[in-house]
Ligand SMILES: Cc1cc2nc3c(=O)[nH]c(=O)nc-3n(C[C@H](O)[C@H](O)[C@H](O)COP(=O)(O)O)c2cc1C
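Heads up, the chain below is alone and in the form predicted on its own; it's given as structure tokens.
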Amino acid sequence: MAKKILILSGSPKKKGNTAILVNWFTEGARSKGADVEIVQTAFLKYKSFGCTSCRACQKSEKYECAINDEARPILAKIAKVDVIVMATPLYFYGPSAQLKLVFDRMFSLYKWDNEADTMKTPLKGKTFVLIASAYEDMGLDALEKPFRLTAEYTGMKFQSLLIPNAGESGNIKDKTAIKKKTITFGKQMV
């Protein structure tokens, strides 16, 4: 059976470096038979800007966000795929706000019992991937940390492809070594 990969692309630019990296990664993954879906998080229609901490998700048996908008079915898909990829440019040492909106709402995919000190999630055992690029050679380590820690806490395997010195938006398209590396990385995630 083909591996299912969901890519959440957090760039507001449809032809920027992140979009190019996502396309190269997808090319590699699909060449190995993966079923890949790409979601442009910057263009979803939201009723809330991130998790509102309403905790209604914790009162439900289902792993779903209580906020009924276009992010809700994406969160449901996250729980059902084999590989979750988050792709983002580096913005002030962190991910784009457009990606963070969905990342924070992943809270709904966890069930905590504080009295028993337990946590359950359908994400355990999945592969969690970060693809990120930066204009220059600084900040990617800070960006990577919350993704790595989330994977460790959740019991997911973590992989990252961090691209420093990507240049201005769209400039990465001419960097053949990065293209080859990203396509190979896509193949490896299958």
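From a predicted model like this one, the values you see are computed outputs, not experimental measurements. In case it trips you up, residue 1 is the first one in the sequence shown, and so on.
This next part talks about the form predicted together with this ligand, which is not shown.
K.L.:
Which one of 37, 70, 27, 136 is close to this ligand in the predicted complex, taking close to mean a heavy atom within 4.5 Å?
P.N.:
Among 37, 70, 27, 136, a heavy atom within 4.5 Å of this ligand in the predicted complex occurs only for 136.
K.L.:
Scan 90, 78, 85, 99 and let me know which has any heavy atom within 4.5 Å of this ligand in the predicted complex.
P.N.:
When this ligand is considered in the predicted complex, the option within 4.5 Å is 90.
K.L.:
Given that the partner is absent here, does residue 22 sit within 4.5 Å of this ligand in the predicted complex, heavy atoms only?
P.N.:
Contact with this ligand, no.
K.L.:
So, in the predicted complex, is residue 13 in contact with this ligand at a 4.5 angstroms heavy atom limit?
P.N.:
Residue 13: contacts this ligand in the predicted complex.
K.L.:
With the partner left out here, check for me: in the predicted complex, does some heavy atom of residue 182 sit within 4.5 Å of this ligand?
P.N.:
The answer is no: residue 182 has no heavy atom within 4.5 Å of this ligand.
K.L.:
Counting only heavy atoms and a 4.5 Å cutoff, which of 49 to 57, 160 to 168, 28 to 36, 141 to 149 contacts this ligand in the predicted complex?
P.N.:
Comparing against this ligand in the predicted complex, the contact stretch is 160 to 168.
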